[in-house]
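Next comes just one chain, in structure tokens: the form predicted alone.
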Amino acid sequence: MKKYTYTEKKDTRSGFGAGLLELGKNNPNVVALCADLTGSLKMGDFAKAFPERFFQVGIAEANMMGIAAGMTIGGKIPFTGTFANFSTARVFDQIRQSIAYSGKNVKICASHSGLTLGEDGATHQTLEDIGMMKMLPGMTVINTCDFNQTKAATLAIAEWEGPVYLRFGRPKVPNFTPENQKFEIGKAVVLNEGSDVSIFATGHLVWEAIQAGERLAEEGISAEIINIHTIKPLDEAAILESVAKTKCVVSAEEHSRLGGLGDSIAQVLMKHNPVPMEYVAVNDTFGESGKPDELLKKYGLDTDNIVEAAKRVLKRKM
């Protein structure tokens, strides 16, 4: 088993900010729009470097989506920025009608996703956004795991034609993926090969899955750990190849168990290779105010819960 280490923890939203600044230097068609959260989205460096290509629309998220859709007609590549809740639930009609329906080349970039928004509480924590976005025809949905991967994904989506939902977060998390990685949209990353159970994780729970794999190895259980950074289009081939070996699955995500990564994997398995499966996800409830690590533990999204899910699914396989 490969051991993963990190030298520092960094917030994934800063990876977005670094990627956006690099795009600004290399692609004159990239423009950025923000709904009064420039600092929170780490868009300040882009705004200072390219003031003529940065548009502060204020607390008017629906208007921001409409403006972004219009900009694409002139060949611009707009990146919108606000919290995940305001990037999806508040503006779903505008995204559906003005962006997704006509396939506009808008990059919807959403920070402060999931429970790890923390102290801002349930009204700001979004646990439904992946489900909402993946149901839109033609929408690409990406959920990155650390600073380096978020930066790489930000660069990659500028070259991807069509609407994209890029999801990242607020807390500082282990930065363990390669610095200059090539981000392949729709291509899962096998972090550790295994033969007993497949653990498919996305976003902040990728690191928790790695830790769970190490714990399971100490007990003689061989876990295959796969980073599903692109939820749509889903890498079905990688999922089926892994499950052909292990014959059982755990999915792990900082999202509702309804409509997220787990449900997408379950659809693939139901069609091609039904096997026992366990979800590590929020169980049909809203969040609450609290520290990120404490919330992950309370709502069953930490390393301990992934280990327990793997043991449960192994018993079902046997």
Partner chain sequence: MAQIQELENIATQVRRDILRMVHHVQSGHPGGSLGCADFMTALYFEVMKHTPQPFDMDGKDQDLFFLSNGHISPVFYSVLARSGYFPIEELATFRKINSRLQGHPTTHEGLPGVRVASGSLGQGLSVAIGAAQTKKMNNDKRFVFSLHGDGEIEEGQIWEAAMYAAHHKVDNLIATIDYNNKQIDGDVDEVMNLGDIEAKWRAFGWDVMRMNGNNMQEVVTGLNDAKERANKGKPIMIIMDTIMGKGVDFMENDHHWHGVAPNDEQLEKALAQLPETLGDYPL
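A quick note: this is a predicted structure, and the numbers were derived from the prediction, not measured. Residue numbers count along the first chain shown, from 1.
This protein has a second form, the form predicted in complex with the partner chain, left out of what is shown; the following refers to that one.
This chain is drawn without the partner chain; in the predicted bound form, the residue among 93, 159, 218, 119 with a heavy atom within 4.5 Å of it is 93. Scanning 71, 136, 188, 173 against the partner chain in the predicted bound form with a 4.5 Å heavy atom cut-off leaves one residue, 71. Annotated contact segment (heavy atom within 4.5 Å of the partner chain in the predicted bound form): 93 to 101, selected among 193 to 201, 208 to 216, 140 to 148, 93 to 101. Of the heavy atoms in residue 40, none are within 4.5 Å of the partner chain in the predicted bound form. Taking the partner from the other structure, the partner chain in the predicted bound form has no heavy atom within 4.5 Å of any heavy atom of residue 124. Although the partner is absent from this view, residue 56 contacts the partner chain in the predicted bound form, with a non-hydrogen atom inside 4.5 angstroms. Interface residue remark: residue 66 is counted as part of the site for the partner chain in the predicted bound form, having a heavy atom within 4.5 Å. Contact with the partner chain in the predicted bound form, defined as a heavy atom within 4.5 Å, is made by all three of 52, 60 and 76.
Shown here without the partner chain, the chain has no residue in 267 to 285 lying with a heavy atom within 4.5 Å of that partner in the predicted bound form.
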